[in-house]
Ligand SMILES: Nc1ncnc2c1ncn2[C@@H]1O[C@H](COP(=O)(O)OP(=O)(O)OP(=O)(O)O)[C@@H](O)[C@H]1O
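We begin with a single chain expressed as structure tokens, specifically the form predicted alone.
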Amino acid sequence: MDDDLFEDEHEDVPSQKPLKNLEVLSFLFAQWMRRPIMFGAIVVFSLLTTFIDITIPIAAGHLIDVLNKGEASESPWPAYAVFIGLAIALHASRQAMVRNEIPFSSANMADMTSEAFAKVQKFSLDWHANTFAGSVVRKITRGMWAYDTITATFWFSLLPSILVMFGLGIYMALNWVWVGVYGLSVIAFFMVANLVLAQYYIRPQNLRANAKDSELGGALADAMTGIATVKSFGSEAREHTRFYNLAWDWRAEAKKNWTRFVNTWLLQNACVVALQAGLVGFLILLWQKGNASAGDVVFAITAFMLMSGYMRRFGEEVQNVQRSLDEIQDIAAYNQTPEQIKDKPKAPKFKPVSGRIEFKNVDFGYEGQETLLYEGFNLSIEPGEKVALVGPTGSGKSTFVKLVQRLYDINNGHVEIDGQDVRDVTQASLRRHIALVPQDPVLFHRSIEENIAYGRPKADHKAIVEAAERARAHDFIMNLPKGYKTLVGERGVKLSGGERQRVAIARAILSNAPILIFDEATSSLDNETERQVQEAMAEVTQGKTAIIIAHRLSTIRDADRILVFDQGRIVEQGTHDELTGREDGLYARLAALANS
């Protein structure tokens, strides 16, 4: 078997070039500017805190000089008061900054995450089909916490580190030129080296480790979602082995990543030792020559201790920021990704009338396929007509209803509902007036009441019960532990297939949409349940335009018209009796197979 046919389509294997740091920083700055006043306060307090930090070594040196003079005419207490006052002011400024940053960042994180969720929801079904849901969850939550890390790190540590180191270096240069030049040179080399290593040495491995992390999250979600299948085949050990291998693949990449972090510390330690030796050594020489006081030497030692601490912090924080930029880049990429199916600017809402559907000279083909599925396709479905679609797998039945819902855009022609081209109205308003009952309805892990009311969330309990009764669902619901308040489990796993179908039909009834679509709604049901669902379908379709896709021909005998699809064309149409009367027809052959 050709392995190329089964290429890994997980989004975790990068399909596009990673964003540049500047692109991610631009996205991050846009998040900061959501609340400009609070952001401005953070900047002010950060600068104030940094300025105070720079003055503390200067105040310490002045206090030592006063004490060293030992003159009774100059009391040391004012210098002591300044030294302690600066320490108090430093902590007060940091407190004010933190108390401002907490509401600022938490609000931005909530907005950023919500918008990422909204953007991902708008992506096409193809995008979601080729993407692990667990990976998307991992990327959004990872990006949310990455924002917190970057914001706190940059304004609390990284920027103060840069300003303090250069501020002290400039102060030294103003007092002792060569001491300042030496200190500034070491600091500049240290910063540039760290930034270059972060960009070209650490980042590539960061991205590989993040990809494995996303793959791990996707695999975990995939296995948990399919836990019923896992248990039914007794495959717990096999799934554990698969996950174990993925976990150790992640471990290999993470280990390389962390090792690179540690490797960069060698440079950091060398620069710290060089700064220590140079600063203190230079000032001891100046002291010996009488060009520096004991306070100046204390200043140099204090300044070194402060600068070395900030150098270590700078090296670590550059790595943290780079790692966080790589983690938030997925959300930034989502923000740049165009919607595959997009509303026109200022598109009006769809205005339902009677439910007339018309395809006019429609050309359509799926992306990546060389030939079109539909070419010059024409079809009209009248208001209130019950139309069944049958035909071999891949003949174009499901594509038809997807185009009605505008889940894909056509290449040429027009798809119109009540005279309105589906591309000219908003997608949400269009789909609210088309109720779908799929073959395997997906219910949310919420109450049955909430699931039934999903298409009409403001419906009262009486309307919900009436819809359930019409869908033949009320009796089984009342036998559940909490009735309509019963939680159905993830994807509705607590209910049987027939029960989920009837809840989905109740949902369609309550939405009161003029167009109903049943996509093989009875194909996996037993005979008794199928009869109940058919009764519900017969009742709900009265007065509605109904499209029924079916493999079980018994469910469409009463259809007003049956359309037989083959390779994107309608090759036959008519009632059940008319079509079965054509012995050489495709429908007649399908009916013969169903009865055999």
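Numbering starts at 1 and runs along the sequence shown. Just so we're clear, the structure is a prediction, and the values are computed from it rather than from any experiment.
In what follows, reference is made to the form predicted together with the ligand, a form of this protein that is not presented.
The three marked residues, 451, 494 and 497, fail to reach the ligand in the predicted complex, with no heavy atom of any inside 4.5 Å. Distance criterion of 4.5 Å from any heavy atom to the ligand in the predicted complex singles out 399 from the list 322, 268, 151, 399. None of 486, 175, 439, 427 but one reaches within 4.5 angstroms of the ligand in the predicted complex through a heavy atom, and that residue is 439.
Contact annotation: the ligand lies within 4.5 Å of heavy atoms from the stretch 391 to 399 in the predicted complex, the single such stretch among 351 to 359, 391 to 399, 245 to 253, 205 to 213. Contact check for residue 373: a heavy atom falls within 4.5 Å of the ligand in the predicted complex.
The ligand in the predicted complex is approached by residue 366, whose closest heavy atom lies within 4.5 angstroms of it. Shown alone here, residue 126 lies within 4.5 Å of the ligand in the predicted complex, counting heavy atoms only. Residue contact check for residue 551: one or more of its heavy atoms lie within 4.5 Å of the ligand in the predicted complex.
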